[in-house]
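So this first bit is one chain, no partners, the form predicted on its own, shown in structure tokens.
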Amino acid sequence: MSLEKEALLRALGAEVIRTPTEAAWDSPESHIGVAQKLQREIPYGIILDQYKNINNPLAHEFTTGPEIIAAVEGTPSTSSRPSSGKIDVMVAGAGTGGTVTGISRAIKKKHNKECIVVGVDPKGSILALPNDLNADGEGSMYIVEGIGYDFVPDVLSRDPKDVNTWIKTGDDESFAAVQQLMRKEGLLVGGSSGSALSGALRWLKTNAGRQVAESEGKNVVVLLPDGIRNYMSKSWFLNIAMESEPSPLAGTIKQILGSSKPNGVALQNGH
């Protein structure tokens, strides 16, 4: 968990207990195990349990899903930007699985039962199993936060009618996609959003994806669920922000400022 998340929780008055990332989900040292111990011993303690709480996917079936549907249906089809008026493909990362499950049910029940729902799972997670049985780094560590687990939460539907197919993504491609979203779209999103975009781009290169890409008016919705605020101290973000190649404008700025330096004195940061 990022330092920003911890700081925000503490600012709100919460007590934060960090648990080992490498601890198995069912071990006493895991975040689940520690929470269960505290719940047993703290009077009136309660665990809302996003992994099992049916209200998790229901919240997305009755709020997030209809919001996305309304946005697509409310966008007019034009000659320059034709639209089927439907969500033809929905791409979302899976953590607890409540989001992708709930949105899928909202779309398929009342909007477009033929919609293809693509779940995105980081390499190292097992949520894509048994759809993806290859050794895609199963059980290995990954940096992207908020998606993927070493167990399958109850609220994640395993029915292929809800999540039709899965795509595995790696950290490098996810963070590269984050940089593209920032530079080209001005969207300050986090790693799981990069996973969703890179997963969508990878799926569009499959046979089924190419059919969609080559069909005029098809709408592919990619859910970007996080913001960069929670990850600004992470090394992957600092590398994107501070260590990237200079922009094309950098040379022009250097030339302008270099030619106006008084008495040949070099300019320093902040002056």
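In this text the structure is predicted, and so the values were computed from the model without any measurement. Residue numbers run from 1 along the displayed sequence.
Beyond the structure shown, there is the form predicted in complex with a small molecule, which is absent from this document and is the topic of what follows.
In short, of 65-73, 220-228, 241-249, 36-44 it is 220-228 that has heavy atoms within 4.5 Å of the small molecule in the model of the complex. Of the residues Pro122, Gly119, Gly98, Gly194, just one reaches the small molecule in the model of the complex with a heavy atom at 4.5 Å or closer; this is Gly98.
Put simply, of Glu173, Glu145, Asp150, Asp154 only one has a heavy atom within 4.5 Å of the small molecule in the model of the complex, and it is Glu145. In the model of the complex, at least one heavy atom of Ala94 sits within 4.5 Å of a heavy atom of the small molecule.
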